[in-house]
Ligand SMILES: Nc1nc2c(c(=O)[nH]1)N[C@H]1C(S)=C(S)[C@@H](COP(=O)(O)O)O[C@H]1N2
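To begin, one chain is listed below as structure tokens, in the form predicted on its own.
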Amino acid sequence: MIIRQAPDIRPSEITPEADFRGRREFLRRAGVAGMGLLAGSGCAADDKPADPGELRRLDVASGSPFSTDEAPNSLEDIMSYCNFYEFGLDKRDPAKLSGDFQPRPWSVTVDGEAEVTGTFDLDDFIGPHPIEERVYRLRCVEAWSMVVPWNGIPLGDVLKRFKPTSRAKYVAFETVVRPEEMPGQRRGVLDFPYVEGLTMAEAMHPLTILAVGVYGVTLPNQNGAPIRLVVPWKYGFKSIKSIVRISFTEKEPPTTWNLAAPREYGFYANVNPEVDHPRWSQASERRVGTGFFGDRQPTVLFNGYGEQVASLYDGLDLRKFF
């Protein structure tokens, strides 16, 4: 199935909320169910090499205890309403302007304070890990939200393979720079590459994943293909897309939005209804798919994941460490 613009997606290709776990039927509708599994990678392929722009079936284990039981947004919502400034500023730009982006072949460089470093082909990078379905709430700093059925691997399991040293206090991430394929990078709105970071404790937390798919197929270009970070208790801009570098660092790494507007965007960026953005309230959020003036609901501290992650911030003033 070639990636198409969101308006071209037929309703029959979107998994209904009531039966989205019927993956084989969804994949049949999406046109990828007949593909065989690619050995070692969890991805699907024909006998011939896959087109880099194709969405491919993933071999995914469902039923994670970390998943929410909230109804997920449709694939159309997820693919058509995105923030990905590398492709443009409007929510619809990533779907419209990412068609030239090539997510394969792909490699990830691991460096810094670790015993094992180097540049690794993506299939070798993710291959040792089973892909899990994680249905997570997503809360954007702009006060909208979604529920997304990500397919990915726990970041902590990946990081352990590289044997970080005792000097590794943080993990830094970097997005690819390809202005010829990513027109937003030619506009100078932000300084690229996009960079982000987590504390080591945040990175190792079992909720934190590297996503390689959504709804059982590989990530669409506009959603961060081929590999992105997902940290569900933080605002969405922390979940950096199209990752090409992961670095273990001793000092807190720079992050793109904190560099661009330090008064508005802190390093931690935990969802907190009591800490407003300087230009709007964070007390409530709009669920995408319910209309612009539709289903608003109260924002919950740590996006509802406080029971799992609040201990990471014991002793910190959450108003100060925003």
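Keep in mind it's a predicted model, so treat the numbers as computed, not measured. Heads up: residue numbers just count along the shown sequence, starting at 1.
Here the subject shifts to the form predicted together with the named molecule, a form of this protein not shown in this document.
Peer 1: Can you pick out, from Tyr215, Tyr194, Trp233, Phe125, the residue that has a heavy atom within 4.5 Å of the named molecule in the model of the complex?
Peer 2: Of the candidates Tyr215, Tyr194, Trp233, Phe125, Tyr194 is the one lying within 4.5 Å of the named molecule in the model of the complex.
Peer 1: Looking at Ala203, Leu75, Ile240, Ala172, which has any heavy atom no more than 4.5 Å from the named molecule in the model of the complex?
Peer 2: Only one listed residue qualifies here, and that residue is Ile240.
Peer 1: The named molecule is absent from this chain, but in the model of the complex, do Cys82, Glu86 and Trp144 each have a non-hydrogen atom within 4.5 Å of it?
Peer 2: Every residue of the candidate spot has a heavy atom within 4.5 Å of the named molecule in the model of the complex.
Peer 1: Find out whether any non-hydrogen atom of Trp150 is located within 4.5 angstroms of the named molecule in the model of the complex, and reply yes or no.
Peer 2: Close contact exists here: in the model of the complex, Trp150 approaches the named molecule to within 4.5 Å, heavy atoms only.
Peer 1: Using the partner position in the model of the complex, report whether Arg228 sits within 4.5 Å of the named molecule, counting heavy atoms only.
Peer 2: Arg228: contacts the named molecule in the model of the complex.
Peer 1: Considering only heavy atoms, tell me if Asn223 and the named molecule come within 4.5 Å of each other in the model of the complex.
Peer 2: Within the cut-off, so yes.
Peer 1: With the partner left out of view, is Val135 within 4.5 angstroms of the named molecule in the model of the complex by any non-hydrogen atom?
Peer 2: Contact check for Val135: no, nothing within 4.5 Å of the named molecule in the model of the complex.
Peer 1: Looking at heavy atoms inside 4.5 Å, which stretch does the named molecule contact in the model of the complex, given the options 67-75, 240-248, 97-105, 115-123?
Peer 2: So the stretch in question is 240-248.
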